[in-house]
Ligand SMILES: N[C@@H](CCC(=O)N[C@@H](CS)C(=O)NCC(=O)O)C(=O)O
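We begin with a single chain expressed as structure tokens, specifically the form predicted alone.
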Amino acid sequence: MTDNERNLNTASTSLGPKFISLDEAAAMTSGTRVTFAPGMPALFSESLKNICFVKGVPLIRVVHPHMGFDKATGKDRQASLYELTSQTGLPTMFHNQERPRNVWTEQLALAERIGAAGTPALVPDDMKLRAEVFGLCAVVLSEDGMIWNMRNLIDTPLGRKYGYSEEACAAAPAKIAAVSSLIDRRLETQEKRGSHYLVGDALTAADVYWATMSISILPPPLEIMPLTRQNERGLKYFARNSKIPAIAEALSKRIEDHQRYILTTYCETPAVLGGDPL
């Protein structure tokens, strides 16, 4: 049995949602399929899942191939994904027979287009507000943004994929803190005008992405993010991030309240991760 077959077997037999293989997902001609790491709050997958939850888009969950080489075959575990999509990032989003989406901007646009009638518009029609939404999302999600720098806090294969170096590691806490401080100031301004949201007076993609991604520096309680065998180490890592002095100083009660409000009011909570619950 190869590593990927073993992972798929575990995902299918553990309590929780069913996951299909990448080959099965690629062969399908209908439905919205998104790749996940079962049991893990992989931040971009978890964010896309929450975006789709808000938009009422039913998802078929797919096991995302792990990085590295299969012990049994010696082959790159992500070779098939690369052949399908010309990239290996998590998550990959398939919809019907359309081209795969791998970038958060394209995934958001697709979710907006196929979302159920009556669900919140996560991308405002007003262009000024739209610019504010995408600007806030960019400093969290894009290159050299908060998540990019969070990956550079420690030397791991994922960190090296995103440019880990001693210099990047040293600079990362201040950059993460700068984004957190920006969000805090934004929430303070919005609070004064009576809004619970980062932009305007309604939920937008900025709220969903920030609330989900902020798990990496402000882990929520177990009733929001359950513990699994697969995420136990990752959640401990996120908790350590929250205690890095520069980051801890930038976090506020406003940020915590906003995270909990958005996740519990609009998103799938407790998070359904699959894997092996603890």
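All values reported here derive from a predicted model rather than from experimental measurement. Residues carry their position along the shown sequence, with the first being 1.
Below, we refer to the form predicted together with the named molecule, which is not included among the displayed structures.
> Quick one: which of 69-77, 159-167, 182-190, 122-130 gets within 4.5 Å of the named molecule in the predicted complex, going by heavy atoms?
This holds for exactly one stretch, 159-167.
> Check residue 44 for me: does it contact the named molecule in the predicted complex (non-hydrogen atoms, 4.5 angstroms)?
Contact with the named molecule, yes.
> Check whether residue 177 has any heavy atom within 4.5 Å of a heavy atom of the named molecule in the predicted complex, and answer yes or no.
No.
> Please determine whether residue 88 contacts the named molecule in the predicted complex, using a 4.5 Å cut-off between heavy atoms.
Residue 88: yes, in contact with the named molecule in the predicted complex.
> So in the predicted complex, does residue 104 come within 4.5 Å of the named molecule, heavy atom to heavy atom?
Within the cut-off, so yes.
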